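Okay, so here's just one chain, in structure tokens, the form predicted alone.
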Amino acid sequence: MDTTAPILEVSGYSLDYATPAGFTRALDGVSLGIAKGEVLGLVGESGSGKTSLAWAVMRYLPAGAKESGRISLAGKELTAASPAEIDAIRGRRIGMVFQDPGTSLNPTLTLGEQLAEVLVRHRGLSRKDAWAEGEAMLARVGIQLPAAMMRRYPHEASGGEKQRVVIATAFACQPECILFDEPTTALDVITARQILDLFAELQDETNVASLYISHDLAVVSSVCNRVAVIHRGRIVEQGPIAEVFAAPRDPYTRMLLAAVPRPDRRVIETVPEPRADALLEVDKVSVIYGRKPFLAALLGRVNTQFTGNREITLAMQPGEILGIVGESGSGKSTLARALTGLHPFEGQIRFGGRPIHGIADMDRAYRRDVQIIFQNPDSSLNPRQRVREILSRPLELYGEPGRGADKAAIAGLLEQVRLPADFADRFPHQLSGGEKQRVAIARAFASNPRLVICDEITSSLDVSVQAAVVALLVDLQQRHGTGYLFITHDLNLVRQIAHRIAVMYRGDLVELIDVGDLAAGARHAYTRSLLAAVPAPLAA
């Protein structure tokens, strides 16, 4: 690896965004360099300036932004380049892989058209040659049927397939530098492992200079040579991975490392006593999607029926935290929707000994006792309602008779999730991601539920906010004796918080095992493959 001269160099760079209240500083005197063949990890919490730096390098700055300092690519000063020069550089000499491939791909064009367009524009290939080169690139990034994938639209590909297409597009023009902005955050553990392995292979082949942005310190440790820690727009520490993570000098770096989930650092120790009266019993519950065969025949359509869950059977004790893990499409969220009455099911659910045969049996008492917190609070909180209104509805439906959603009740809910009472007057867009998720948690606990289903509620949060949310959930569980069905693809996190773990694969429950027995006692091959895909935990 040649480290004599940086390919990407940022020197004393500061960036201010224009807001109605004046300028807000996003980056403050940032300096770093990335040599040919090197992977520099950039870590920090949400809002620390990681993505702002990537946008500045790519020259995706909003109107009115003020900047000072230098950003250069192989000696070419990007901060002084004209729009025409940047247009020629972007995609050809420098590429970027965004966090969510669904938003970086054009839904109206086939994947092949989007990949070929880059090759035609930046490498001067004919459309025929670009199409053939695109197929070869898709094959190189592990797409099984590249010719068919070229003809698909983004919505016809899985998350992992779309991310492979985006990576192929970034590498297509053999750039000198590529920026990776949280490329595996939205992916399950096995798909993420495949993408990271692909990244390592392409990195070795191309010797490109890479900036890898992530809040997952274990991933950064596994793929990067050096790391830079950014806090409130400033680089507080940087150096070789082994040195920084083994002996961090800055308190902020130490705080980030302390927040990383570790399976040997349990945050809950009490195990519920086995009782005859289980809180939840799921007995051969199946969920079928699509048209039933007779309806498809009646309409003259192809039968599109498929199974989301197949005869799931499990039981939970009062106060138990049961983790559910598996890759995307394994049926985790499908089971959650069935248990909360958001999708019809076959089989039987017993809650507190009472049989539930279908959605019609889920009366107000059941809906009061069984609540759900969704993955993305932006899509589950009404953007037109203040926090007060969001919390008022469950209090009016399930709160104490005669009290309803008074000011004290709302303030009490906010206090439980460690938010100030004046947050009641805010709208969701005025809250951070972690604050919005706390409001969603407060709404779920407004009915004093006996079971809360947590569906990937920490997957979009940075490591420190995730740790705070998990600590909050444990505190609420211990105070209220609430049971949790904790759905996640983060095995390190679930081993930290759960009593038992249920492993799902293609709609089936393939293993149900105590957390303490997971590493050594996993019997199913799929469970072992999940464990093998998890990045190694950082040293304590």
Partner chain sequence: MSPAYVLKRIALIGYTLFVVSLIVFAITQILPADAAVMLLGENATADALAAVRVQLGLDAPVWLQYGRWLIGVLQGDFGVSMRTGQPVGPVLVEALGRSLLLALFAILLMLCLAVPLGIVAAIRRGKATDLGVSVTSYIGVSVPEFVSATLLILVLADWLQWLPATGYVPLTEDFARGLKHLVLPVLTVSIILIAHVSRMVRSELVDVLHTDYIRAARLKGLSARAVLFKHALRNALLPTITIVALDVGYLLGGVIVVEEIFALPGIGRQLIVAIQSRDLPSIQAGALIMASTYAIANFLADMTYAWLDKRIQYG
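Quantities reported herein were computed from a predicted structural model and do not represent experimental measurements. Positions refer to the first chain, counted from 1.
What comes next is about the form predicted in complex with the partner chain, which does not appear here.
**Student:** Taking 438, 448 and 482 together, does each of them reach the partner chain in the predicted complex with some heavy atom inside 4.5 Å?
**Tutor:** Heavy-atom distance to the partner chain in the predicted complex: none of the three under 4.5 Å.
**Student:** Among 113, 237, 133, 281, which has at least one heavy atom within 4.5 Å of the partner chain in the predicted complex?
**Tutor:** Going through each option in turn, the one that passes is 113.
**Student:** Sort through 90, 388, 310, 232 and report the residue having a heavy atom within 4.5 Å of the partner chain in the predicted complex.
**Tutor:** By the 4.5 Å heavy-atom cutoff, the listed residue in contact is 90.
**Student:** Only one of these stretches, 214-222, 258-266, 194-202, 120-128, has heavy atoms within 4.5 Å of the partner chain in the predicted complex; which one is it?
**Tutor:** Contact-bearing stretch, as computed: 120-128.
**Student:** Please check if residue 416 has a heavy atom lying within 4.5 Å of any heavy atom of the partner chain in the predicted complex.
**Tutor:** No, residue 416 stays farther than 4.5 Å from the partner chain in the predicted complex.
**Student:** In the predicted complex, does residue 35 come within 4.5 Å of the partner chain, counting heavy atoms only?
**Tutor:** Heavy-atom contact with the partner chain at 4.5 Å: absent for residue 35.
**Student:** Please tell me whether any heavy atom belonging to residue 107 falls inside 4.5 Å of a heavy atom of the partner chain, as the geometry stands in the predicted complex.
**Tutor:** Residue 107: yes, in contact with the partner chain in the predicted complex.
**Student:** Please tell me whether any heavy atom belonging to residue 153 falls inside 4.5 Å of a heavy atom of the partner chain, as the geometry stands in the predicted complex.
**Tutor:** Residue-level check for residue 153: yes, a contact with the partner chain.
**Student:** Under the 4.5 Å heavy atom criterion, name the residues of 50-65 that approach the partner chain in the predicted complex, in sequence order.
**Tutor:** Residues within 4.5 Å: 55, 58, 60.
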